[in-house]
Structure formats: structure tokens, C-alpha cells
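Let us start with two forms of the same protein chain, each given on its own as C-alpha cells and named structure 1 and structure 2.
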Structure 1
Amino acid sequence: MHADFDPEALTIFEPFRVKTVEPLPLPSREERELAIRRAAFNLFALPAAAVTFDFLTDSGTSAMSARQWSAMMTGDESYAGAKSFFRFEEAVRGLTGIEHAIPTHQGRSAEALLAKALVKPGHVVPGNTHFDTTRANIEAAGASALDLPCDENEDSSSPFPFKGNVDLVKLEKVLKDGKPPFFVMTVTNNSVGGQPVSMANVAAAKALLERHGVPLVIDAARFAENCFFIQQREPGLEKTSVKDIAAKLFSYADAVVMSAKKDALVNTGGFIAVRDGGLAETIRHLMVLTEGFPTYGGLAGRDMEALAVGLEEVLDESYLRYRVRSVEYFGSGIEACGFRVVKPFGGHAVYIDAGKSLPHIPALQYPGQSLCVELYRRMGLRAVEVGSVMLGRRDHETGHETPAPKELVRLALPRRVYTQSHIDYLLEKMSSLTPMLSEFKGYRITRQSRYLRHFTAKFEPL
């Protein structure tokens, strides 16, 4: 909140008022039971109309502001050189200080363009932890994606403030072994729990990379949340505005890829920004095949307008304080109910450690899936399993499965969508759930696809 408001107050009030409302679906317990059975116990197969609290993802699920909606009405839908493109370009340049800003329809298309332009078969591309789609795009180019998260993130209860950091010792070793086409720093580090990366870590990584002539790419999906954490936690930067912290962060980047569906507060969109003019030209040549002409990149003019406004709004510190405190409030409440959770709390989601919360269910009977089903059944809440269903490795010849390192359940908070009373209701329901955790059953998979099985798998309770 601004100085006049009490930042220590227990009640987190949303720093906005509501202008448009959307009724929540309120299916009965019987209707939910029917829906989850029809979905073969896979939450991705549920129709959204059967979900009351949809915490499946924070991606593309933001509520836009009155300013964003009114900017959409000014969208210029000209095929080439639309006014909306120049507004988008100015917003991205203003934020990142990077010359060439190219719109894409979402984050993964920016990653695909970067990979097509720079990655060759046999390359090894290191990162603090690649998001799934970044990894997939690197692997699709015949290279391998290497995760180098810092050791502190292995212990889910360690209070280390920057668990998203890259391990610099391991990075140096990789750089000595061969020359990668680039390194990816994902801020915040989604795959390890939405954990932030420190400015010191980015600066040190940049110095190392520069010595080896390797470009630094920032995956900026949640850059504003990361920069707010830096302001709150990194000595020396507590008095710097989040906007200035963001400018400093991007000053280290040779390129930025962004899924605007997160911290640009829009329902679709993304971009790639590069300093190198030659690379920008290569990308513009490649993108016409799949994304569209370089001044719209698969977006409507109105989408670029909303994106440009969102990039500005997300840096409002009263919004960011509310955002980060809401996640922390939800996480502390879940912990107080008796669940084991990943700490410190990240920027966009609470992660329940289902392996530790439901120790009677073995990893290969998917404790995270079991918890997701019960959360839906009992309170209409949709979460996502991030454990052995999603990340376990299966040998397709023998059917042998290796479990994931952790059995987590992610509850991602859409931006500006749910209020504190929604969270209080969920916490009340969760506290009635903890005494019966030991009764929850494991699951087995009855059908699955070869790739990304979690989206379409069918389950049966054991």
C-alpha cells in the first residue's frame, strides 16, 4: 500500500474496486462428483463451468483493468505498421531498454523463434531451470536443456530468500566444457516454486557468460513479481523502485522472451526483444511462416494495446505488495491447516508438498493427484499436480516408471481475480480436510499418451 495505508495490517485489501462481475459456478457436491468421474479423475478434463475456484494456472487468467479495456478500443487493426505496434514497441523498449521488440502470440512462440534462430543439434543450453515449453523448444531443435538450480532449492523448508538462483559453480563448469548458444534465466523460477532470482546472481551469471561470449536470455514471464522480491529481500535495493530494479535486471539481458499472459496482465500475448540487429532480422524472417507479419506477430492490434498498458500497471507497488502478500497469506493458512508446503512462498502460487502431507500414498500411486481430486470434490477448487504424473519418467518399452523428485500440488493465483474472502473460505474448508488426509486413496493410470501425459491421462482410484 502507499505510505498512508498500514503495510502491517493483517487484512490484505485488494487495491482496486470491482467494475464488472462474473458469477462463480456453484456446482453441488453431487454435480462435482459426477464431473470428476466423467473426467476420469483428470482435472484438465473438467469443464471450467464445473469449477468454482480455478487455481489451475495464473497464465492468461488475469482480470484486465478499465484502462486496458479502454486501450483495446483504440486498437489499430492495420496489417502492417499499426499504431498499436508502435505503442507496444515503446512499452517494451521503455521497460527493457532493448531496441528490437517483436510481438508473438504467447511465450512459447517467442521461445520457438529463439531456438530456431540459434540452437543447433548437439548444443547444450543451460538455465536456472527451464520452463517445460522452453525445454521442449530447445529439445525440438535437437539440443539438450540443462537445469542448474542452486542447491538451496532442494530443501523445501529452507528459508533461503532466492531459491530461484542459478548455481554459478556448475554454470562455470558447463561454460568451460563447451560454448552454448545462450543461457536462460527464468524470473521468477516457476519450475522450482515461483522462487525469485537475486540481482547479484543475475549480475554474476552475466559476468561469467560475458567472459565466455555467451548471451544471457531472460524469461520474463513473472519479472515484476521477481523485482518486488528483490526490493523486499536484497540488501542495498530496498529503497530502489521496482521499476528501476526491472530496468537494472534487463540491463544484463542480451535478449528477453516473455509470456505476457502472466505479468503483462493480459489473456494472451508475448514478445521477444533482442539487442542484436542481425538476430532481430533472422527472427523477423522466420516468424512470417508461423506467427504473422513482424508488426503483429499473431496478435490483434487491441491485444498489443492491452499488453502495453499491462506492462506499466504491473509495476504498481501497491498491486505487487497485495499480490505477494495474498500468496503468502494463502500459503501460511494452508500450512496452519496442517499441510506441508514449499517455503518461502513464491510469487504466483502456493505449492503443497503432497508427498509429505500424504505419506501413506507411495509416489507411484500419485499422492498429488489424489489431493487434487479431493480438493475439487470437497471444495470445488482446481489445482494442478506437479509430481510423478507430470514429471515422472516412463520407459515406454517396459512400462517402468521413475518417480519425480517431489510430489507437489500447485495452487496458482490468477491476478486480480479472487478476493481475500474466497481465500478465507478455501482455508476454512481445508482445515476440515486435514483430519481425513490418511483416508485418501492413491490412483493408477489407465490410459496415457507418450508425451505430456498429464494433460490427457485417465485415472482410477485404488
Structure 2
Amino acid sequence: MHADFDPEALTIFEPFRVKTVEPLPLPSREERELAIRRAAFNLFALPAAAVTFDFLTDSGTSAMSARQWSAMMTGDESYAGAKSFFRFEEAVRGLTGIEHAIPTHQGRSAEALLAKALVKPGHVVPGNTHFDTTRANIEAAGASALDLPCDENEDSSSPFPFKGNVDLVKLEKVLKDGKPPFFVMTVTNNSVGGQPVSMANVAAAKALLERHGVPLVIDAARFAENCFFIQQREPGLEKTSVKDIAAKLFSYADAVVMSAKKDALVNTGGFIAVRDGGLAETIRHLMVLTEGFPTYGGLAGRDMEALAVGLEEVLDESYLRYRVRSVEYFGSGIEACGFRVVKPFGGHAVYIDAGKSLPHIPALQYPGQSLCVELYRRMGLRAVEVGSVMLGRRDHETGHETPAPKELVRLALPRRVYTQSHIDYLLEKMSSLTPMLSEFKGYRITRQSRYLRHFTAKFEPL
């Protein structure tokens, strides 16, 4: 943002104009009550037409730009070797510096292909903190996903600037105990509150991994937000452009997986990029079975065109400043209402610490799910639980459950969709909610699947 615009102003103005509008659904309280009961108290099961403010995810929910819509009109839908693939390939290579760029229909497809190519039963795959689909794809291959977050992450109110970091001491111990197929660095670290990873931590992890011959995989879903935080918070990089920081970040990667539905600003798509030509060939052979020919990977040509433009637009520092400032504004307002929140605020979402905000509800009665239900019931706001429903461990033989380290609720802000007046309205409603928190009840799960249970589980109130 140019110097004559004040980035600290109370009023945050969007660095873009709106050309198309969509009416918000406005269901009544009675209609919302009926909808949540029909959904068995699972927010994923709600029809979108019953939701006024949809903060369930920032994945695939962005508003695309005029440049992206224009690029879609040039999409080449040839089955093999389409011009749109080469445009996509050029954009990914230009961003990451990695030669082999393979399109996939979304991030979990890239994760699945990597797991099929490299993971064997009994493997342990470490990461700073695996997100749900990464963990599920590793476990579906018969391996274990091991989280190694830094100690500073344990205190949700700590101001430590890079709480997404991996614990290097623990990582070194894992590497000495056995050789994993790869290590995953998720940037930003979604499961611990959308917290960024420092460049120094990535560099140190890379040096450790290299000594043990273990590849570094970067989960780049929110790479641009992470790079902006590095610019703002990491000494020595404050005068480096976000684009150059991204190039440095990816220089440490042996492979990159990305759900482009986040920081590529598109509604569908992803990719996997690898340096090793033999691994790239293996992945291309695997993807033909389920994803499609390697030059489209389950995407239409128009989607690859929009993705290529999005990878350029997301590096606009005016946009990134607005994005991060908007999340901070929302988070500060929620904290002022009396909720406990994860700080410092991340780049894509505000995380409420439901365990601390609802201390009367035990972890295995899912305080995060309780809060999500009430936010919808009372405000028409759809959020998602990131706690023991999503990340708890269940022994499928005995039914025994181990709770997640934290009971969080994520309010993910779709990119370029909601305005400050929407946020101010939500804060006004949330301030009236806090006096009622002690009345909220826990939940139990009545039906669940083996993997990714939070998507389809059914609940009932206790």
C-alpha cells in the first residue's frame, strides 16, 4: 500500500472494487434451529442457503478477480498438452523454482499422490503439525503422522511471532531413531491457529533433514500469508519483497504440495511440484489411474488459467497487508467481546480457544463443536471445530479417545468476499453472546467414519 494510505487506520478499506454481487441468505432463528437439527449438529451438513456468514473455510471460497475471469475465457480444454497446462507450468516454476509441476484437482489429491509414491506401512512421517487431510492420507497408507510443534505454541496467548515452527530438537531425535520418507512443513501452520513459520526455522530444518537424507516437503496452501509475516516479523528480511521471500522459502523444498484453493485465490485446483525427475514420473503414472492425464490432473484448462493468474496476484503486498489487517481487526474484536483467542493472529482465520472460553465442557464433550453450533444458531455464522472432533485420536478397536492438544474454533475468512461492515455486525452479535457461554452444553458423536470423521459425523447434545 502506498505511503499516503494509512495501514493502521481503524477503517480498513479493500484494495479492490466490487463488480458483481451475490445476495446473502437471511434465514430466521427458527429456520436455523430446524436446519442444524436436520444436519445432526454437524456444520458441514448444513446447506449453504441456510448460512448467512460462511466462515467454515477459506478453501475454494475466494472471490476471483477480473483478470482471473478473463483468463478463464482463454482456457484450452484439449485432453493432452493443452496451452493452459504450459501457462500453469510456467507460473508454478516461476514461483517455486522447481522443474516438475503437476496439476491436481485439489491439495489432498497432491498429498495422496505423494503418500502413494513414498509412504509404506510402518513409516513415521514427521511435520511441524499435519492438517487433517495430510494426516488422513499418511494414515491411509498405513503410516503414522507425527506432529512436532514448537513449545511456544502451547500457550495460545503467547505473543511469540512464529508459533508455527517445528521443534528442531524433537525433529533431530526422530531422524536419529529412523529415516522417514519425508518431512512436511505446513506454512502457515493451520492446526495451531494459522501461525507462521520463520525462514530461520525452515533453513535449520532443511539442514537437519539434509544430513539424514530426508526430503523436505512444503505444504504451501498459505505460502503468501506466511511470507508476508516473515517480512513483517523476521529481522533481516523486513526490506525484502514478499515475492523474493517466497523464492527463498521454496529454495529449501525438495517438493511442494499446494491446495490452490487458498493462496492461489481460485475455487478449485492444486499442484505437486518435485525436483526429482524419477519421483515426478512415478507420480504421473499414479495419477493417470484416478486424476486424469498428467497435463490436466483433474482440472479444466480454464481452472489452470485462473490458478496461474492467482499465483501472481496473491503476491501483491497491498492485498496481503489488507488481508492480514482484516484478520487482526476481527480477532481483536472477538477478544474484546470476552472470548479467549489464539494470538498473535494468523493470516487466514481467527481461532477461538473454545477449551478456555467454555471451561465447564470437558474436551471429550467437544466444547469447540458446542460453540460452533451456538454461533450458527444465534448469528447465522458457520465456523469449524479444530479440536478433538477433527484432531483427536480414536482407537478403532476399543473406541478409546485421546483429546487434541487444544480445543479451537476456526473462523476462516474467505478472500475478497466480506467487508468490514459484515465483520462489525458479527462483533456486535458476539458481544451479546459472551454472557451466555456458561449455559452451552457438550455433545457426543453418534456416528462417525474412520478417516476425517468431522466431515460426516453426526452429533447429539448432552
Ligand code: F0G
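Here, a residue number simply tells you its place in the sequence of structure 1, counted from 1. In this text, all values refer to a predicted model and were calculated from it rather than measured experimentally. Basically, rigid core = biggest C-alpha set you can superpose within 1.5 Å across the two forms.
Novice: Two forms of the same chain here; which is the form predicted in complex with the ligand?
Specialist: That would be structure 1, which is the form predicted in complex with the ligand.
Novice: State yes or no: after fitting on the rigid core, is the Cα displacement of residue 42 between structure 1 and structure 2 at least 2 Å?
Specialist: Yes: residue 42 shifts by at least 2 Å between structure 1 and structure 2.
Novice: Aligning on the rigid core, do we see the C-alpha of residue 66 shift 2 angstroms or more between structure 1 and structure 2?
Specialist: No, shifts by less than 2 Å.
Novice: With both forms fitted on the core, give yes or no for whether the Cα of residue 442 moves by 2 angstroms or more between structure 1 and structure 2.
Specialist: Yes, shifts by 2 Å or more.
Novice: If you line up the core, how far does the Cα of residue 367 move between structure 1 and structure 2, in Å?
Specialist: Spelling it out: core superposed, C-alpha of residue 367 shifted, distance 2.6 Å.
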